[in-house]
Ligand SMILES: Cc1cc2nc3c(=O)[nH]c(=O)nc-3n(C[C@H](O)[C@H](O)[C@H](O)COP(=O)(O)OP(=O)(O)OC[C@H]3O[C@@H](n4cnc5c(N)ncnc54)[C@H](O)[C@@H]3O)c2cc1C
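A lone chain, given as structure tokens: the form predicted alone.
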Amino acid sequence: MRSKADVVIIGGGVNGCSLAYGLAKKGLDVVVVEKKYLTSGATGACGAGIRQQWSTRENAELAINSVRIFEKLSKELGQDIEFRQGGYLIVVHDDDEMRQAERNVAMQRSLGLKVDILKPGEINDVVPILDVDGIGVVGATFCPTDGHANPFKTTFAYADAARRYGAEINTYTRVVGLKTKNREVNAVVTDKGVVKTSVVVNAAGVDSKAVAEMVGVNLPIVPFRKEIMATERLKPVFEAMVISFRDGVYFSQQREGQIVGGIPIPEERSGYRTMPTMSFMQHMARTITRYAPVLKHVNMLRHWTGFYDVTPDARPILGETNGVKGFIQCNGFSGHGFMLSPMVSKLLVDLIVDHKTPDVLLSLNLSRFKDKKIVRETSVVG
């Protein structure tokens, strides 16, 4: 392991690896430290969806700009990340949800996003297998440029590209301490050695809170177990991701044919539980077959868990930490880290290299939770 670096990134998920790529490409000496293997955290457990339909302007801006990067990323990184744009269909169940949907769509359109409000009779044109009457909808929103990518291939493509530019990526390496001097970061202590540095990026997902506590910083992050399932493979039936904020369910068909989706179990509480539950399988089976009765004879083959690192407003924490110079936060994505990662890493590269702090970074800084009125992201599912 190198004994010094311009930047040390803690966390080998998609945000850590994409940031390593961006910084190394700019000529910085970068070291990544991951306690297990790349994608072993939230990245490897996510549902692979990429959407631009949000209630807050910051998340919408990050997602729209991320999609523009995703569209060219396979060519840029030299590997196929399996990006495809089949759209996101968000079902709307009642008048209150429709009023929120109309506000969301107006904001999203103001940012240049093509997104439509569908009548119930138009929904099956997008997803033919949905039982529109059975699930009780008054409409839906649909953005055709939302989509999917493979989170494993995306992360490893970023990591490979970062290595080509000289970044060092250390897996199975645990951070045991951070050193500061005069409230400035100056070293990362791992179980395999010490790396001197003036910049540390905390991209450790649900472990980010523990990392921050090493220098006395309290991140308002709470871990929530999330469960996801995959079915046997089917012939192509639909392309869009289907989600419902009221029911908390999401599901889509992958390119290989399996249906992948998730839903929170009613009794779920915050904590570091990792065991999959029978309750999830029962709840997911009842819900997805209510949405699409044609799936009732399909077998569920796999079921796994991951974590959301949830903040009080369900928006990420980004940027330098007040009071600890050189300590950069890149966490608190509340389940949306994969889809926002291209633009988040670009913003943080600009911050670290050129000291740029655009409004979106200022509004997502950790300081927003101190004596300020926060605006909660309401378009959260899973």
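Heads up: residue numbers just count along the shown sequence, starting at 1. All values reported here derive from a predicted model rather than from experimental measurement.
A second form of this protein, the form predicted together with the ligand, is not displayed here; the remarks below concern that form.
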Legend entry - The unique member of L130, L77, I228, V137 whose heavy atoms fall within 4.5 Å of the ligand in the predicted bound form: I228
Legend entry - One residue of A42, V31, A63, L318 in contact with the ligand, assessed in the predicted bound form (non-hydrogen atom, 4.5 angstroms): A42
Inset, instruction - Give a yes/no on whether Q258 approaches the ligand to within 4.5 Å in the predicted bound form, heavy atoms considered. - result: no
Inset, instruction - Considering only heavy atoms, tell me if F251 and the ligand come within 4.5 Å of each other in the predicted bound form. - result: no
Inset, instruction - Using the partner position in the predicted bound form, report whether L219 sits within 4.5 Å of the ligand, counting heavy atoms only. - result: no
Legend entry - Distance check, G13 to the ligand in the predicted bound form, heavy atom within 4.5 Å: yes
Inset, instruction - Spot the stretch among 336 to 344, 353 to 361, 310 to 318, 22 to 30 with residues whose non-hydrogen atoms come within 4.5 Å of the ligand in the predicted bound form. - result: 336 to 344
Legend entry - Any residue of 167 to 181 that, in the predicted bound form, places a heavy atom within 4.5 Å of the ligand: T173, R174, V175
